[in-house]
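Given as structure tokens, the chain that follows is alone and in the form predicted on its own.
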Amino acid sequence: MLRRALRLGVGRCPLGRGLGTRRGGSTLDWDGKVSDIKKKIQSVLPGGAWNPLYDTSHLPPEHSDVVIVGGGVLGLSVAYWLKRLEKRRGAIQVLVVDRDYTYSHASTVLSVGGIRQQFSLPENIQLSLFSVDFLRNINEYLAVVDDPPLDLQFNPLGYLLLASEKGAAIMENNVKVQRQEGAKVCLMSPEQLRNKFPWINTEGVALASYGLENEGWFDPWCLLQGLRRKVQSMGVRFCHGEVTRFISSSDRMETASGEEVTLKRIHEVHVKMDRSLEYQPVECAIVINAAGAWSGQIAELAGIGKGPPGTLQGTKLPVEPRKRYVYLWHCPQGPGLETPFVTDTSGTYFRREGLGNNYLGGCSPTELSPQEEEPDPGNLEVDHDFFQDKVWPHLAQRVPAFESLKVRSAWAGYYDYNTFDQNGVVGPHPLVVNMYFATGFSGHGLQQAPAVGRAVAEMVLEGHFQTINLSPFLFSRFYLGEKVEERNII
């Protein structure tokens, strides 16, 4: 019975039913009375109105209907759709908490900004189809009165995926699914590939798939800033700080099959201020975990995964930081302006950057790679030997002109890597009933953020997914052992 309930998403708590949730118990009531008394004392002190004893302007509000942990593009997208879909303007108070307000470590702005429909799962294809429509009509969604329009610098040059003999049948199958979902993708033989892209060496390539529409790349920073500007205009509040604790209540429940489970509900989020020991408790009805590479840590703070192994209570959110390098190189004789986003049979990828014969690219270790190939995620330092040893040989083999490339710069960013099946986690936790997830996308979160934000907002406000059914991405799959198999992870 528990397994069936999990598949149906039991444990959801639509915002409409959670609003107004308040703490019970005499101790908590007494805390509130003490707080009121302190405020009254302060208000009657001499000069209190003009010279307050304590400036609280930098603190988050004491109450917010929704607290979103993580101010990257996924968190901001959830905030946008909650405000856009609210029944009455101003009905929902939303607070976004982020510890990196400069976005210096944010995965969003350190990515290469690609968007594609060339996935193998219908859900992933649908997410990207909506998201590309959002991006191409960005000013219909994110326009702010009296502010200049956004220019995402969308380059619709498509993705070109190359397959070896071993991967050709899988590619054919994937393209069939993509076309069924409405994506415009064609298959190309090695000969067709050489005719269209004469700079490619087709040795070892049995088949290629090429996105004809709505694929390419864009400026991630512009999307992030556009979303931030828009949600601020909609009344969303921001706080620079770190979530350090959740205060929750528990209820024991017995399922129809006799299993006993503990349901938890978060009532308070403690936000620690930057460079300070002080913290602010924020009372709330809903928490959205959009903390990216650190969302596993946030889940642990809420008690997720703290139960006995093999139980639902002992099932962790399997998302961790993985470091990925991006290199920028110059090559005067490199592929021209019509170059798509190319992904090689080796896993190496590249695209053009601007008009000056510069290129961005890299290579992610695969699941079959030796463990030592995984870079240490403890910092964002770049390993330049990785390019020489693991990236450049494949680039030069596939594009002979890249023999003479010169690396100009490089940086590293984090994937919110889902170690279970490298796919997103979307929707409520089955036991911590008012924590919702928007994380774990393992490198394709940026391109799917507009659609994922809408899906999470639908689940919060209505109790179910409405436009795209993302039930395969629910948390409960980790306990049930039901992997979502996506064959096109880049």
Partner chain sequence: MAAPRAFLHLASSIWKWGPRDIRGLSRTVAPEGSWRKGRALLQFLADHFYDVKALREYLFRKQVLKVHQKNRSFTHIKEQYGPYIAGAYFVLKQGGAVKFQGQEWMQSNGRGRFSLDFFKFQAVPVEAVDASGCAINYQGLDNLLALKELQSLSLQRCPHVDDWCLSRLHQLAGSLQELSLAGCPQVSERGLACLHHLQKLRRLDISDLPAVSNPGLTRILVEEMLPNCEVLGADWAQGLKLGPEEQS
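Positions refer to the first chain, counted from 1. Just so you know, these numbers come straight off a predicted model, no measurement behind them.
One more form of this protein, predicted in complex with its partner chain, exists but is not displayed; see below.
The stretch in contact with its partner chain in the predicted complex, judged by heavy atoms within 4.5 Å, is 143-151, chosen from 70-78, 314-322, 143-151, 249-257. This chain is displayed alone, yet in the predicted complex one of 262, 280, 192, 233 has a heavy atom within 4.5 Å of its partner chain; that residue is 233.
Only one of 213, 381, 385, 203 lies close to its partner chain in the predicted complex, with a heavy atom inside 4.5 Å, and it is 213.
Proximity of residue 394 to its partner chain in the predicted complex: non-hydrogen atoms within 4.5 Å are absent; the residue sits far from the partner. Mapping the unseen interface onto this chain, residue 170 falls outside it, with no heavy atom inside 4.5 Å of its partner chain in the predicted complex. Shown alone here, residue 135 lies within 4.5 Å of its partner chain in the predicted complex, counting heavy atoms only. Its partner chain is not shown here, and in the predicted complex it never comes within 4.5 Å of any heavy atom of residue 328. By the 4.5 Å heavy atom rule, the three marked residues 139, 157 and 338 all count as contacting its partner chain in the predicted complex. Shown without its partner, the chain has no residue in segment 400-425 with a non-hydrogen atom within 4.5 angstroms of its partner chain in the predicted complex.
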